[in-house]
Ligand SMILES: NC(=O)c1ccc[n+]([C@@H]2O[C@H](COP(=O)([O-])OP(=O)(O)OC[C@H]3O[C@@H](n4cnc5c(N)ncnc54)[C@H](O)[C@@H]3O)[C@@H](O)[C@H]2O)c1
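Take a look at this single chain in structure tokens; it is the form predicted on its own.
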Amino acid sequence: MIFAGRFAGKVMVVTGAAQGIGAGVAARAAAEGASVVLVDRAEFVTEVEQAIVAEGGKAISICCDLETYEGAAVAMAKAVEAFGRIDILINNVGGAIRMRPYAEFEPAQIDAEIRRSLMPTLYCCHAVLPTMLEQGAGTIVNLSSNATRGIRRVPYSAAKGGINGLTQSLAMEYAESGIRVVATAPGGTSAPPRRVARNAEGDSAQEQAWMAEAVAQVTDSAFLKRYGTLEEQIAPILFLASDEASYVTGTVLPVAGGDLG
């Protein structure tokens, strides 16, 4: 369902916008009037830009690595350069790289999980603040996960727990500056096959078995006993980003079929 004009006059930055939830959020926000800045390290993010523009929307794409602070700073600077302001930031970058018992993780693998699923959000929140403080207004929507309680992905769970803490503390610290900070906590979500592998090294037969255990746990823990759809994740993200949620801040909204994480 499209709410025509809901984001008219708004500039929205969407990270991880090349595919999945991020691409869907960007496309729908553009259809609802937003000028959208698509940020991803995958070069095919330009395809999302082209599709939005073809439908009459306003969009630019920026290819950079948000696992570095420089990447986050460049993304926010280019967004302001293009549109003059940033009203909404959707922090969507993240995702478990490996699924295995915690005792089986190597130290470098633990670091990689934290770097992918916590640092881009931490960096982007910091990089966007000067612009939002100057404006005296802004909304940040972070994507957490109900996997803060789950098996076979403890480092990822810790990263998403960090996003919950970041959301709540940042909301408290900057409420008087007119900045809202909220999050959704998606559960398992059905999506098209990834165009960039989750784990570039590939999964062994044992890792595939551990992943199957995690998938079974996610489904069993959900009251609705199924994965959600992309649209079921996109809708609450955009509600929280909109002025309809103007009295909501510091909240982490579970979107996981009843599993609160």
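This one's a predicted model, so the numbers in the text were calculated from it and none came from an experiment. Numbering starts at 1 and runs along the sequence shown.
We do not show the form predicted in complex with the named molecule, though everything after this point is about it.
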{"item": "is_contact(residue 116, the named molecule) in the predicted complex, heavy atom dist at most 4.5 Å", "value": "yes"}
{"item": "4.5 angstroms heavy atom contact with the named molecule in the predicted complex for residue 252", "value": "no"}
{"item": "4.5 Å heavy atom contact, residue 59 and the named molecule in the predicted complex", "value": "no"}
{"item": "The named molecule contact at residue 65 in the predicted complex, heavy atom, 4.5 Å", "value": "yes"}
{"item": "Within 4.5 Å of the named molecule in the predicted complex, all of 101, 150 and 210 (non-hydrogen atom)", "value": "no"}
{"item": "Answer option from 157, 131, 164, 189, heavy atom within 4.5 Å of the named molecule in the predicted complex", "value": "189"}
{"item": "Contact residue in the predicted complex, from 88, 181, 143, 127 (heavy atom within 4.5 Å of the named molecule)", "value": "143"}
{"item": "Stretch from 166-174, 131-139, 75-83, 92-100 whose residues place a heavy atom within 4.5 Å of the named molecule in the predicted complex", "value": "92-100"}
{"item": "Those residues of 29-44 which, in the predicted complex, come within 4.5 Å of the named molecule by heavy atom", "value": "40, 41, 42"}
